[in-house]
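Below are two forms of the same protein chain, given as structure tokens: structure 1, then structure 2.
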Structure 1
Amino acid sequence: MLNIILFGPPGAGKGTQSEKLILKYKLVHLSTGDIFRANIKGETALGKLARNFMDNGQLVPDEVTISMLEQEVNKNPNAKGFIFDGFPRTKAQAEALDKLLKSINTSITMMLALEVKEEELKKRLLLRGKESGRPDDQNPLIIQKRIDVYNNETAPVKNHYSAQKKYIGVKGIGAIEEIFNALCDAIDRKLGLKKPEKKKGAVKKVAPKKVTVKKAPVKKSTKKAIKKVAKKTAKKVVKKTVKKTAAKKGTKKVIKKVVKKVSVKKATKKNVGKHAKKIVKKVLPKIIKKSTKKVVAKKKKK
């Protein structure tokens, strides 16, 4: 069964929207206000009792209202579902409704609440009073009293169904058709006939993009200049290292020659350490040996 509570303050448009919803979803409309008015018209005992409360903008006592609603539900054993309009209006009524529906193996599907600001409600009610002649819609004091009763006694019923995750608020201002569509959307989503609405402010999660920072292109001329400076520095380091090693080895005489002959052409900024070591280890001893031989030979000749 599809059981909807159409909730909202007096003048929110519950009656108008209920009439449209019952046609679309083939539901039974139960409006406690309408039932009381029909009883007043029929001059029944219930009507006489309810009239005093209604004319003063007060709620008809719970026991009376609950038992009346129970009878109406039981009159419709083959209903596909109900739209409860103007009921429950107190926490006691909400608890009684849950119990009643449980006894016939069903429950409230959702509470749809029409949200309308107070000023708009007052305007609408006075207009309706003029058009329909409803006495409780014609007196601004009674209208205010009904709005106060709603705020104090009825509005807290929202918490009862929010706790059951069944409360859905719908904007009750705009064209009748527009509001009707919003209500249908909410029902269809609940029934799984439509995709759930995206939450306000929800941001679709997107995998963070890899940020590749492109290096600013370096001009050819700048590259050349950098290479030149690097090479110069590398050569200097290699020469220094070689000189130092040669001096340590006690061959001061050949140092100049050695340094001249030592290949520092291949020295670069990157390989400077390695290159210097290589020269000191492999090249330098050979050159020293050679040079020393030459020096000795020259001396012998002399």
Structure 2
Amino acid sequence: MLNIILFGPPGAGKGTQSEKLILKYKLVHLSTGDIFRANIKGETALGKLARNFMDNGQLVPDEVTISMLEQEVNKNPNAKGFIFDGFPRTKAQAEALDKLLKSINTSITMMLALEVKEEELKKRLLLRGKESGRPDDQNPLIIQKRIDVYNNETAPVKNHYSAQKKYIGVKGIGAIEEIFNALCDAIDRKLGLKKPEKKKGAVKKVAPKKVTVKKAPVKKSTKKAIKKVAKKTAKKVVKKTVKKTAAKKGTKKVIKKVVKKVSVKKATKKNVGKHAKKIVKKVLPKIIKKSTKKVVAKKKKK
């Protein structure tokens, strides 16, 4: 069963769109305004009760309104669904409606809200007032009050159905058919009749395959070149370090100090690859040891 609450401020176009939705989805239209007028005119028990409250300047209690709605629902046992217009207006009414529908094994499918900016609403209502002659639509103060009441009183109803993930807002500005199609799309998606459209030009991402690259063996000639570079650089650093270090400290202590100062980066001059660094790591200590011994020995002779 498709049960829709058509929601929106005065002047949003609910009346126009509800008529079109009723025809397309074969829904029963339940307008609380129409139901009230019919009950009062027909002088039903509920109509008389509602009239009594109204004559005394009191609001008609929710229980009376719900009882009127229940009667209308029960009159249509084979209905494919209902579209509720003008109800619920408060959270208490929304909870009462949920309870009523639960008693007949159904629930609200969605709250469809026509979203229109306040300035646009005022323009529409003033225009409607000129065309229809309705005095309430010709007075800017009354229009503002009706919009304020809607914003203040019905916001909790929006929150109530948002919490149930049943609230869907639809842009209420544009051509009548354009808005109607947007409402139908929202309904069809909710019912699972229409899948969300895929973005044009979207390309399915494919995970890149892992590629393993074998390391090329280092040529003997390259090894020799690397050793030469390391040897040359190491010798320079050794000479500088030994000059600053007293020969009395002994060759081993000098070697240790040189090893700390001569890094792999310095020995490779930062311009040879990973393979070179591995080779230098092995070769460097030997080169340093030999170079240091020679320099220290020469210094001692002097």
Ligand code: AMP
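Here, a residue number simply tells you its place in the sequence of structure 1, counted from 1. Not measured: the values here are computed from a predicted model. Rigid core (definition): largest C-alpha set, two forms, superposition within 1.5 Å.
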query: Of structures 1 and 2, the one that is the form predicted in complex with the named molecule; finding: 1
query: Rigid core superposed: Lys165 CA moves 2 Å or more between the two structures; finding: no
query: Core fit, then Ile40 C-alpha moves 2 Å or more between the two structures; finding: yes
query: Core superposition between the two structures, C-alpha change of Glu131 at least 2 Å; finding: yes
query: Cα displacement of Glu63 between the two structures, once the rigid core is superposed (Å); finding: 4.1
query: Once the two forms are fitted on their core, CA shift of Arg51 between the two structures in Å; finding: 9.6
